[in-house]
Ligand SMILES: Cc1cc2nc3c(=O)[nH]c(=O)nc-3n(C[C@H](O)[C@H](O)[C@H](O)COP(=O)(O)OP(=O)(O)OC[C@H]3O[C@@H](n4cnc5c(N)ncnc54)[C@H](O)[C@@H]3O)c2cc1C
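Shown below, as structure tokens, is a lone chain in the form predicted alone; questions about how it binds or moves come after it.
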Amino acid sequence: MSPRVVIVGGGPGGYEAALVAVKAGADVTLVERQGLGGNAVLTDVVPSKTVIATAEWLTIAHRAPELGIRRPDGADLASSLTVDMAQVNSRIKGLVRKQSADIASRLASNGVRVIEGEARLAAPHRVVVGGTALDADAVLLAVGARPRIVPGCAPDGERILTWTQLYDLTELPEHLIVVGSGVTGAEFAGAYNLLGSRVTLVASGDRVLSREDPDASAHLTEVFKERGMTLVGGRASSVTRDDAGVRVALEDGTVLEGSHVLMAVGSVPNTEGLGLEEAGVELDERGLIRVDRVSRTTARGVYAAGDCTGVLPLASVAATQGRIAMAHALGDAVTPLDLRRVASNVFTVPEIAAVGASEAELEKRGLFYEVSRLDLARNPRAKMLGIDEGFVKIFGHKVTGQVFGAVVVGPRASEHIYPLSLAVAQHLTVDDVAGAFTVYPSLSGTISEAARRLHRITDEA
């Protein structure tokens, strides 16, 4: 008899796990209440990055005069462009529907049974959906998270918004106040600033993305200021609105007025009402499911993946957790999750990509390392494309040359981090990276040159 697997949640952690399990010969049932794809497809990654990709085109238009491109009447190309927000969001919703449908089609073609509805654990090996009980040899919980609501700042979906509600806008906000300068806040603030909104970003620290590489964070902070964005330090205590706009009161008494406000202040896991504690699944003080490096919870046979675990809020990590969980549950070879190998990206303009250890972590661990940093403006391909911002940083061991980590800031940094991610994962040295051929001219040439600068000449007797 085939092992029975029940997966609760159809986001990256859930649907990737389902595909692994069915390939291993399991009988797989996936339960989803809102639509396949989870936040990553429906309300977060796919839609938000589409908004950002749209905004990025305007930066290309702004570079047009420098490249010798103008309208026939001699007018500046960028100044003649406007943004149709209704069309932008209509396209986004179409992409979301298509991506969700593609996932459904793939699951169906692989023999995964999908059930719509609310699920809860009646026991570690029994999931109840409506009035139907599903017995399982292994259960995976991939229930995701939702925007955190600050008391006194409740969203209304019209002027006071969470990151799930922006896609119903039919007009570009005249003045968008973004509360929260983490990844979500920075990405949307940057995008709407480029689209043409006046933007005020409320940051709890002295710079945006305070958890990112300090050089990258400082660089993006300056870029935002140069583009006319207003940065305000503080925390929101309340938000009120009328027909004309919103008023955001900060804890220090400052009041900001705008047309709309986006509350980007983190998320909370969707772990209530699932019968987890009764089934022996332990939660931490924030309601997150405790898991180990192979995605096991404290209940035998029950695994968890994605944002509901709080391990790292990335779709790639959720998918990896789900795949690892099924491999472990079904007796396949397992490589435990290693967060030191995770590559991440902030989709601002410019993008900020990172992999491996940060400089702060290397300092804390007392490792002997060197840093090589090169600006993209030196790169010939960047000059051709009119790119004058961004950089590559590589951290390498002083003696062995092993690549500990790296940061790339610039257009498509999410694509350019891959060779450095490979270097970290495979314990390559800076000489290994520098010795691989790059195309000339290419932006990746800066990665090779930065690695080459960390080469050490050893003295031999």
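Remember, it's a predicted structure, so these values are computed and weren't measured experimentally. Start at 1 and count along the sequence shown; that's the residue number.
Unshown form predicted together with the ligand; subsequent notes refer to it.
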| query | finding |
| --- | --- |
| The unique member of 124, 245, 313, 196 whose heavy atoms fall within 4.5 Å of the ligand in the predicted complex | 313 |
| Listed residue that, although the ligand is not shown, lies within 4.5 Å of it in the predicted complex (heavy atoms), from 192, 391, 224, 347 | 347 |
| Stretch from 59 to 67, 44 to 52, 398 to 406, 423 to 431 whose residues place a heavy atom within 4.5 Å of the ligand in the predicted complex | 44 to 52 |
| Exercise: residue 119 in contact with the ligand in the predicted complex, heavy atom 4.5 Å | yes |
| Exercise: residue 261 in contact with the ligand in the predicted complex, heavy atom 4.5 Å | no |
| The ligand contact at residue 100 in the predicted complex, heavy atom, 4.5 Å | no |
| 4.5 Å heavy atom contact, residue 145 and the ligand in the predicted complex | yes |
| Within 4.5 Å of the ligand in the predicted complex: residues from 14 to 29 (heavy atom criterion) | 14 |
